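Below, in structure tokens: the form predicted on its own, a single chain.
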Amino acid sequence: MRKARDLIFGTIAAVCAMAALAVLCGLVFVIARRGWPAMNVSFFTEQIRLVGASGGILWNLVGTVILLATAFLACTPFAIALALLERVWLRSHPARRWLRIALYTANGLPSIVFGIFGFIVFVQWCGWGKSWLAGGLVLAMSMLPTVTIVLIERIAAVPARYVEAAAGLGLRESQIVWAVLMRQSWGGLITGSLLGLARAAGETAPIMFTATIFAGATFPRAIAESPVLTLPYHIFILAQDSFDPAVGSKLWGTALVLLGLVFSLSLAALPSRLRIHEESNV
């Protein structure tokens, strides 16, 4: 009876996995087929013209990279601090459990919540208006739980004998943290950051309130009132005027570029993620 239940459960799980994979492959195929005709050199080297019907996505791509770089730089120190707090400095198991619950809860928050928070705090209270820095900080908050959780797992996978050997050599706790734990965990930080950036790259709601406009922005030269162009918001606006064939071509081309960016970030994180899993099973 138990074997039958296991077989049924395994079959259902396999069917669901295959169905999800088929839907994903179908979406990728449609985006690639419709977006490929727009792929040329000018699409990547020209700025938007004729309300998206002509030109390219140069500044949209640049603006997206600016936001992701800002998010990475803002998120990294806080992710390291929270991961070390959970693994090293919190001695109470209930406190560790509550911190993990808070991280998983934050990871499940809708992105628009971060956008509204950023709008109230950075745009209105700080008086920055729409700004690349505001958008980068909002994206950093949205990816912080992902980066922290992956880094916690990587620190937990560091063999205990490394810590014991360092303590036996007379190293202080702070020296053990930076010379042993963090030295062995940089891969986890990179993996978590790449996964978090892959999520942040496709976010529209947080940046539409805080950082991005449709046209007219280039490279930011200040903090306040310095919006950028981005790929997700570009797709969002063009999708409302996709009945124009010229706009539709640019829409699918931009979607293909964004898909490639997200896929590249996720793929880059895969080797380190697999290595973490293997080491945790040793």
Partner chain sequence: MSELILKASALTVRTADRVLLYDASFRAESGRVFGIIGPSGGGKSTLLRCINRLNDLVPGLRVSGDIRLRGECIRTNDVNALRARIGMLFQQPVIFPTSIGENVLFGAKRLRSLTRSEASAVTESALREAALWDEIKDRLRQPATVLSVGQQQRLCLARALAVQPEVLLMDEPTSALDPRSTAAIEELILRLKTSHTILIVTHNIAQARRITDTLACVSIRDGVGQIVEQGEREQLLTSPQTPELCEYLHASDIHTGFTDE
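Positions refer to the first chain, counted from 1. Nothing here was measured: the structure is a model prediction, and the numbers come from that model.
If you look for the form predicted in complex with the partner chain, you will not find it shown, but the lines that follow are about it.
- 165 is the sole member of 101, 81, 165, 120 with a non-hydrogen atom within 4.5 Å of the partner chain in the model of the complex.
- Comment: the partner chain is not present in this chain, but in the model of the complex one of 157, 180, 113, 126 has a heavy atom within 4.5 Å of it, namely 180.
- For the three marked residues, 42, 49 and 62, no heavy atom of any sits within 4.5 Å of the partner chain in the model of the complex.
- None of the heavy atoms of residue 107 is located within 4.5 Å of the partner chain in the model of the complex.
- For the chain shown alone, residue 184 is a contact residue for the partner chain in the model of the complex, at least one non-hydrogen atom being within 4.5 angstroms.
- Using a 4.5 angstroms limit between non-hydrogen atoms, residue 171 touches the partner chain in the model of the complex.
- Using a 4.5 angstroms limit between non-hydrogen atoms, residue 175 touches the partner chain in the model of the complex.
- Shown alone, this chain has one stretch from 69 to 77, 144 to 152, 130 to 138, 157 to 165 that lies within 4.5 Å of the partner chain in the model of the complex by heavy atoms: 157 to 165.
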